[in-house]
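Given next, in structure tokens, is a single chain: the form predicted on its own.
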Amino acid sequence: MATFELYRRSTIGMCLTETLDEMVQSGTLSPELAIQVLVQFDKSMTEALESQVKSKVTIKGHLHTYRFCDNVWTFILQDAVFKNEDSVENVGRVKIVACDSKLLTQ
């Protein structure tokens, strides 16, 4: 299964990367094993989001910037409002990155 590496830029992905870097620097972990951990993280995040997340969110806001490059959409919204069945959240500025999941099966 192919995966995207975008979850590495999430908070949990950055923390994992920092921890793996520290372990490689101290000699606790080999660089090859650290790379294998990151690849497994990519796969696990993709699988978890596909199978375990069932909620839907409506997003409204002012589109500041958008681009489509290498089959990846990037949207930057200002004054965004996120709504789901339980709550409403206002966000001043948000960046949304969207990839075609069909590309993962190729």
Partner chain sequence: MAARRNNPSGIVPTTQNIVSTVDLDCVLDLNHIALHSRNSEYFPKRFSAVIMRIKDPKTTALIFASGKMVCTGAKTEAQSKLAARKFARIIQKLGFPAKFRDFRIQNIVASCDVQFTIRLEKFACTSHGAFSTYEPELFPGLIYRMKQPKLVLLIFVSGNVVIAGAKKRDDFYTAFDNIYPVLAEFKK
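Positions refer to the first chain, counted from 1. Just so you know, these numbers come straight off a predicted model, no measurement behind them.
Another form, the form predicted together with the partner chain, is not on view; read the next lines as being about it.
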#### Entry: E50: touches the partner chain in the predicted bound form, heavy atom cutoff 4.5 angstroms
no
### Message
Please tell me whether any heavy atom belonging to E32 falls inside 4.5 Å of a heavy atom of the partner chain, as the geometry stands in the predicted bound form.
### Response
no
#### Entry: Non-hydrogen atom contact R67 with the partner chain in the predicted bound form at 4.5 angstroms
yes
### N71, heavy atom within 4.5 angstroms of the partner chain in the predicted bound form
yes
### Message
Within 4.5 Å, heavy atoms only, one stretch in 22-30, 50-58, 71-79, 36-44 touches the partner chain in the predicted bound form. Which?
### Response
71-79
